[in-house]
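Only one chain is shown below, in structure tokens, and it's the form predicted on its own.
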């Protein structure tokens, strides 16, 4: 399957092999990237479509993950305009975006979806702490993008919805695992199979939001969080994220051993300073 396109513009976003800096193309993918020392801000920037996502958006997110400078420690994802993201651009169902795979070639479809998932999986990297600043609608792919981040700071006007089953699809952008881990299997089933909208206050009650703030306080809350995250030793932060990410799948014995390994590494690093 060839690359989709929007208004005749190529959707592929390539990274120069030596510079590691995104080439022009992110803007056409509906993305902005600002890197300020240890902080990278990724903005979904299709406000006229409420930041609805296309194949180009997901490929652009993957390209950003591959290109971040080594000094970046915190990544903030936000949406321009009235919403975080309205989810998949429905124009792709009508062929405007180049068409979805029809599943007749399972191996090709698997590769296609895996390529798009890369735009989400890098957000779990242990060397980064990723923060979703969510306001307005976070639907489907937008909801899954927020779930892919380590921490969600949510404005009181936010609304979450896992829309894919209502469209005859499944959530396939890595969102099912964190949703079950956060909300539990029963709540995850209810949210997905009814595709109902979850308001911000409920999202906070069931753990989808770590912090709930007034809409006009969202930017300040994110700035304060980023400052606190950067105040922690980078090596300790990465080691702790590794431990916490694997904890649910480990036995107590396995997790205790992992803690020992990480602590030995930290002691070695501290003694070498």
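Positions refer to the first chain, counted from 1. All of these numbers come straight from a predicted model, not from anything done at the bench.
Absent from the display: the form predicted in complex with acetyl coenzyme *A (ACO). The rest refers to it.
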Does at least one non-hydrogen atom of residue 49 fall within 4.5 angstroms of acetyl coenzyme *A (ACO) in the predicted complex?
yes
Going by a heavy atom distance of 4.5 Å, is residue 152 a contact of acetyl coenzyme *A (ACO) in the predicted complex?
no
Test of understanding: in the predicted complex, would residue 163 fall inside 4.5 Å of acetyl coenzyme *A (ACO) by heavy atoms?
yes
Check whether residue 79 has any heavy atom within 4.5 Å of a heavy atom of acetyl coenzyme *A (ACO) in the predicted complex, and answer yes or no.
no
Select from the listed residues 167, 109, 195, 182 the one whose heavy atoms reach within 4.5 Å of acetyl coenzyme *A (ACO) in the predicted complex.
167
Consider the chain as shown here, without its partner, and state which of 129, 147, 133, 86 has a heavy atom within 4.5 Å of acetyl coenzyme *A (ACO) in the predicted complex.
86
Taking the partner as it appears in the predicted complex, which of 101-109, 138-146, 174-182, 67-75 has residues with heavy atoms within 4.5 Å of acetyl coenzyme *A (ACO)?
138-146
